[in-house]
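Taking the form predicted alone, here's one chain by itself in structure tokens.
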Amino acid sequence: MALPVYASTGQRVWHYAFRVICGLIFFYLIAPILVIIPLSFNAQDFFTFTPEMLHLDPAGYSLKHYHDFFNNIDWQLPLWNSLKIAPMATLIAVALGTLAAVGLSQSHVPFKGAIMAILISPMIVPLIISAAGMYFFYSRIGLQGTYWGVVLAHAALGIPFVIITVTATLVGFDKSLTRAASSLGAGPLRTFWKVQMPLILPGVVSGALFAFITSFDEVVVVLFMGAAGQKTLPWQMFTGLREQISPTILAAAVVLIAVSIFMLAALEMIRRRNERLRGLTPA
């Protein structure tokens, strides 16, 4: 946003100082990621910038760590486990979180504040406490160390994100539309799918993306809940840092960064489309 011509000297100083501060904060947050990316192309088997890399010598760069990541069974099995766990956990989180958000949006629901606090508590409670509680609970019902145990645990972590995004979408929802559909003979289920769901879909998709990223990147809960057969990609990276320092971990990190950037870009596109559909921004 440009400064108006009548801005005072103090306003101009703060205008540019604010941008400098934001730039420094952005650099502080993004610098560690920028360091990882070139290191993942290191031709050597250690974590450092070699003289060849610093002089931009092609001999100092290699794709061997990416080749190891995409061809080594020690990395491919955790990757496929993550790709099997995250989508299923996302589906469960979206289904339960959307229903919870729609239910809490009704004016006649008692104790909405307390219920909302309980439902989003996995975002507030330290993850190690949630993981320990899940471990003891799932152990009693025979789900600890199973595929579905990890899926349900990750779904519980993703549900708060779905509830928050869908609830935010429902704030501007015109409830007279559902009443009109009911007056025309549509049942509750048909009204939800034909009237309400198309309008809150951007919030549902946004929550699904957050739930997927949460499950795909999560490591603490899977360490408690998973067995050797449910080892995920973050788990393999965590144990790899403890047991063997391999630059392949950097290649895996870059893959995770790429997935996160893709998800966030898709989320931003959905947000802008939602604003255009609601008339908040010009088409």
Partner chain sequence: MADATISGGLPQGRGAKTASPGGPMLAADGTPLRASLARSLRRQKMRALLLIAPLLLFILVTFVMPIGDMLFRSVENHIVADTLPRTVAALRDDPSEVPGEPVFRAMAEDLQVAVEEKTHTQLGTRLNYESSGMSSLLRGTGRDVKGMGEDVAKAVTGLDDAWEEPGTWVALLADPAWVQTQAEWAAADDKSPEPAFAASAAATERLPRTVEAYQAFAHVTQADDGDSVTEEEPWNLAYVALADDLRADPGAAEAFEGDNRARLDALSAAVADGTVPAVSYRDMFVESDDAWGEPGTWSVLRTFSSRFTPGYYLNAVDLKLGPNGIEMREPKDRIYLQLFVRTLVMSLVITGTCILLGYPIAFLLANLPERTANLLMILVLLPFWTSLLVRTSAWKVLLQQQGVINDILVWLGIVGDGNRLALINNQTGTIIAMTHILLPFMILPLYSVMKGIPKSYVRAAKSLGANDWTAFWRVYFPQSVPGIGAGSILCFILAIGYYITPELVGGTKGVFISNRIAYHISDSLNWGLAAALGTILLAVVMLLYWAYDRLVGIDNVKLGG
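Residue numbers count along the first chain shown, from 1. By rigid core we mean the largest C-alpha set that fits within 1.5 Å across both forms. It should be emphasised that the depicted structure is a prediction, and the values quoted were computed from it without experimental measurement.
Absent from the display: the form predicted in complex with the partner chain. The rest refers to it.
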* Find out whether any non-hydrogen atom of residue 30 is located within 4.5 angstroms of the partner chain in the predicted bound form, and reply yes or no. => yes
* Might residue 134 be said to contact the partner chain in the predicted bound form, defining contact as any heavy atom within 4.5 Å? -> yes
* Does the partner chain get within 4.5 angstroms of any non-hydrogen atom of residue 68 in the predicted bound form? -> no
* Asked: At the 4.5 Å heavy atom threshold, is residue 202 in contact with the partner chain in the predicted bound form?
  -> no
* Heavy atom within 4.5 Å of the partner chain in the predicted bound form: which of 91, 197, 99, 181 fits that? Just give me the one. => 99
* For the stretch 22-58, which residues lie within 4.5 Å of the partner chain in the predicted bound form by non-hydrogen atom distance? -> 22, 25, 26, 28, 29, 30, 32, 33, 35, 36, 39, 47, 48, 49
* Determine, after fitting the two forms on their core, whether residue 262 shows a C-alpha shift of 2 Å or more between this form and the one not shown. => no
* Honestly, after the rigid core fit, is residue 72 moving at least 2 Å at Cα between this form and the one not shown? -> no
* Does superposing the core leave residue 146 with a CA shift of 2 Å or more between this form and the one not shown? -> no
